[in-house]
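What follows is a pair of forms of the same protein chain, given separately as structure tokens and numbered structure 1 and structure 2.
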Structure 1
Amino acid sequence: MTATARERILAATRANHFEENPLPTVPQFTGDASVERFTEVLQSIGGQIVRIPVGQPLAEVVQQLFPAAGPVASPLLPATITIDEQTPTAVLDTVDVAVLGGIFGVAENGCIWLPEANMLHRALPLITQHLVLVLSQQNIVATMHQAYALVTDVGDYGMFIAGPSKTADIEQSLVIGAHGARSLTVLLTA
């Protein structure tokens, strides 16, 4: 049945093709790629940003930010819970803080690129109560044009994350912490 649906749809689509309109070349619009701009936008969308002094271990920073943290998952510091692709859902659900490495940030909208290779498990950036992304301040670009110029291959799975999970579905009142992480902290390294 679906094989014929395919043929029917393709035939009907092809029958309704019209004079070809050229595919435009998208200019590389650029803009402010400063740490200040990135910080300002990230804070405006509910994220917080912490600059890491050179030499301070990540574990120490995370300990200071989340002194009463439950299980901490991370490939970047001594974790208190081990997460990999095979981790059962019930275990994933216990993660309190996930500390993951972002590849680059986008100043115009606060997006941070997180490929699957840096997630431990695809659901971890969402299911953790609090998400911490480590980002080098050298790796900030101005706009999404520069962003997709860097992401020439999205891999099997990858996402831009801009701030904590949020909703305004009840009377347009902004509430942080809908289904994903309740907070997003960006640790900026030199």
Structure 2
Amino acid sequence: MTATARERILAATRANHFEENPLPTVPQFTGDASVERFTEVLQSIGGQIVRIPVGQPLAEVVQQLFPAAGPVASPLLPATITIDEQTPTAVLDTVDVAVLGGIFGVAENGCIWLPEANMLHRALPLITQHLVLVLSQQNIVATMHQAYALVTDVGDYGMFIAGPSKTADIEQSLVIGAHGARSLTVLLTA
């Protein structure tokens, strides 16, 4: 009986045994994990840093930063609009300011890890006009290598956010807020 093409391929695959090689040792990457470096990089990509003095209420800071804000969505302070994972995008589109809790920041590129559990809705950080992320200055790491080591329980979704939305695709002209939040403000807590 003649072997089919499938049987010949499977037999050839089984016959090939490659020597197992150990994984390479990944070097320890180091860098500057200072608040100053994080601030410098975040500001260079269009973000804003606001240090919150100990004891100052978060709602008060947001009110000072966005005095004329329309709907505010947040699990961290009294919100003026209720958002959850079932909220239609037409309602999300009305959110002026979203105040969410970041887990840690990365000094080398100014990004902040935001897991889905802190977003209220997956689209909220991308569709709000102004995104405010609250971050403890104790939770800044130097490099993305260190950051990925911290992302252990991702769940279904999460994202690194760096600066406001921007593009320079059309005639190399920088456009802020082209396809996402027009501004990113990071509120650094002690």
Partner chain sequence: MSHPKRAEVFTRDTERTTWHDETLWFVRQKRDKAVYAVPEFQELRELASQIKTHTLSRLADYLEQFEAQAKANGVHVHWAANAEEHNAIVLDIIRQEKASSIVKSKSMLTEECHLNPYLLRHGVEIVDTDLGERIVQLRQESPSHLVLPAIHLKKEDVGATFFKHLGTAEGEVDPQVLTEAARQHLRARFLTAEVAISGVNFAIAETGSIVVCTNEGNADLAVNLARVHIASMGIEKLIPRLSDLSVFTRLLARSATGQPATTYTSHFSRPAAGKELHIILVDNGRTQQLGRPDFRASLKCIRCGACMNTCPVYRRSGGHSYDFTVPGPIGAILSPNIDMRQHASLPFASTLCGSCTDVCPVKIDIHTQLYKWRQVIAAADEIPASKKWSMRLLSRVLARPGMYELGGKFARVGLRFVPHALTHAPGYNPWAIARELPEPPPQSFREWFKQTNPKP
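Whichever C-alpha set is largest while still superposing within 1.5 Å between the two forms counts as the rigid core. Residues are numbered by position in structure 1's sequence, first residue being 1. Nothing here was measured: the structure is a model prediction, and the numbers come from that model.
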Q) Of structures 1 and 2, which one represents the form predicted together with the partner chain? A) 1
Q: Please check if T167 moves between structure 1 and structure 2, taking a CA shift of 2 Å or more relative to the superposed core as movement.
A: no
**Q.** Is_shifted A178 between structure 1 and structure 2 (CA, 2 Å cut-off, rigid core)
**A.** no
Q: Could you tell me how many Å the Cα atom of P22 shifts between structure 1 and structure 2 when the rigid core is held superposed?
A: 5.9
Q: On a rigid core superposition, how far has the CA of A12 moved between structure 1 and structure 2, in Å, if you could check?
A: 11.8
